[in-house]
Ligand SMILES: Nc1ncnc2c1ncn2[C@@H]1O[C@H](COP(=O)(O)OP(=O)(O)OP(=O)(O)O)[C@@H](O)[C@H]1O
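To begin, one chain is listed below as structure tokens, in the form predicted alone.
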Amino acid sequence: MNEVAQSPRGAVEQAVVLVVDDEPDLLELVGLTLSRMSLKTRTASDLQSARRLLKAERFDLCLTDMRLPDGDGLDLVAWIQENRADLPVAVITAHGNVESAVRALKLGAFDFVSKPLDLGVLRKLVGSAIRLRTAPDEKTADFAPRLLGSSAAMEQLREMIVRVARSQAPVHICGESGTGKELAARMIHGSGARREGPFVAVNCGAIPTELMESELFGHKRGSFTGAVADKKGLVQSAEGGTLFLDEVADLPLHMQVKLLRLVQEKTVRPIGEPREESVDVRILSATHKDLADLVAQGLFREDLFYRINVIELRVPALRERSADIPEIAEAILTRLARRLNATAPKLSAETVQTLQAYRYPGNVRELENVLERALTLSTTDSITPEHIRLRTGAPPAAVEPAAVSGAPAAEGYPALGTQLESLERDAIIKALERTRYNKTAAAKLLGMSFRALRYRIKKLGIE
């Protein structure tokens, strides 16, 4: 063990990096690189020495090789997670050994770098890790907009966001449409080491297939008809920050191959450029679809699935946390009223009950639409059930319409058609939830064809 760079007397306290490797040449190379970054370096050649130093001294980053004389670098990653969970640890892997890197990230590693070392990549990794010392914590971070709700599910989600923000591992955010997946991604970015960098959101389903490669990776002038100038891709625009791939399941297979290269090698090749370019971005992705099911159908690459799904976050549906609806509704009304330079109306107790009883296929986005409509209809400082228009038809407080046959239902007794539709809707929703919204599987469960299920879903307004 030796000290590569001494802290100058009187200087601001230097960050200290522990480098664990049994190759003297690599230790010297890393030590010189970090000293030029004004960082102090301590070294250890095996697991035992590393643990002894970690117990005795303060460090801001641990950089460990995967193969050590007395064990595996993964053992050190696991030990740090148990004993020094606040310390970011990065691993050095053999070239092409992505499986080991993914295992390390799942254990809690901050990031990885491959041999032979690219010093530019190493400097960026170390810089990101050191910036974690000043990253905002859960209590002081100011997220705007933010995920609202005090339910246990949301508390757990926010805790998980703070934890994964300290890593550079790819995160996949799953959940139904309208639950707030992009907000979760922005919170990860805003509470991590990359918060000063750009957050670039890309809707993979909104880019035409023929333009996707150029939009994501850029192109050189003259590389194809219409390429009159060099263009930077969205990936390069996220340099030093976060790239959020929304609806990643909509990527065509040929683009999935190129994304896999980006995730594994951290390089891109613009159209018309003979050489690859290194990029420093953290990749977050999201979709409302079941990626595992798409993999089974051959519509999504299995290797890419495991690379982007190192850490999975699930944003709960609004119907799973109905106790949060009053808080969310109040925040939405306040924002909508501010936009109109008006005072936010209050929700009556009956209105809150009506809102909490609804299932919200469109989740928070649908709740916002319902409240915006109610705000328009209300002429007083209070919103009542009569102002609430839900997807099932008439306001909850109104009398149910007569059956289609024209014969009115008995007073105080709902029409038979309404009862049957309610039962059918509940059965379909339960089947969809049970199959994680796989319509093919849900149709089999219900004993009907896929086309018939799709027709019923549309008719009943389930989505």
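Residue indices: 1-based, along the sequence shown. Here, rigid core means the biggest group of C-alpha atoms that superpose within 1.5 Å across both forms. Quick caveat: nothing in here was measured; it's all calculated off a predicted structure.
Beyond what is shown, the protein has a form predicted together with the ligand; the following relates to that form.
Visitor: Would you check, heavy atoms only and a 4.5 Å threshold, whether R434 touches the ligand in the predicted bound form?
Guide: Because a heavy atom of R434 falls inside 4.5 Å of the ligand in the predicted bound form, the answer is yes.
Visitor: Does the ligand get within 4.5 angstroms of any non-hydrogen atom of R365 in the predicted bound form?
Guide: Taking the distances in the predicted bound form, the answer for R365 is yes, it comes within 4.5 Å of the ligand.
Visitor: Please determine whether R146 contacts the ligand in the predicted bound form, using a 4.5 Å cut-off between heavy atoms.
Guide: Judged by the heavy-atom cut-off of 4.5 Å, R146 is in contact with the ligand in the predicted bound form.
Visitor: Going by a heavy atom distance of 4.5 Å, is C204 a contact of the ligand in the predicted bound form?
Guide: Contact with the ligand, no.
Visitor: Considering non-hydrogen atoms and a 4.5 Å limit, which listed residue (M154, A169, L375, A317) is close to the ligand in the predicted bound form?
Guide: Here the answer is residue option M154.
Visitor: With the ligand left out of view, choose which of E213, D280, D111, E176 has a non-hydrogen atom within 4.5 angstroms of it in the predicted bound form.
Guide: Checking each option against the ligand in the predicted bound form, the one that comes within 4.5 Å is E176.
Visitor: Specify the contacting stretch among 233-241, 86-94, 301-309, 146-154, defined as having any heavy atom within 4.5 Å of the ligand in the predicted bound form.
Guide: Correct option: 146-154.
Visitor: Within 4.5 Å of the ligand in the predicted bound form: all of H219, E276 and L284, by heavy atom?
Guide: Result no, not one residue of the spot touches the ligand.
Visitor: Could you run down 243-277 and flag each residue that has a heavy atom within 4.5 Å of the ligand in the predicted bound form?
Guide: Residues within 4.5 Å: D246, E247.
Visitor: Tell me, please, whether between the shown form and the other one the C-alpha of R436 is shifted by 2 Å or more, with the rigid core used for superposition.
Guide: After core superposition, the displacement of the R436 C-alpha between the shown form and the other one reaches the 2 Å mark, so yes.
Visitor: Might you say whether the CA atoms of L260 and R436 end up closer or farther apart in the predicted bound form than in this form? Their distance differs by 3 Å or more.
Guide: Farther apart, which means the C-alphas of L260 and R436 are at least 3 Å more distant in the predicted bound form.
Visitor: Say whether the C-alpha atoms of L157 and E433 sit closer together or farther apart in the predicted bound form than in the form shown here, given that their separation changes by 3 Å or more.
Guide: Relative to the shown form, the pair is farther apart.
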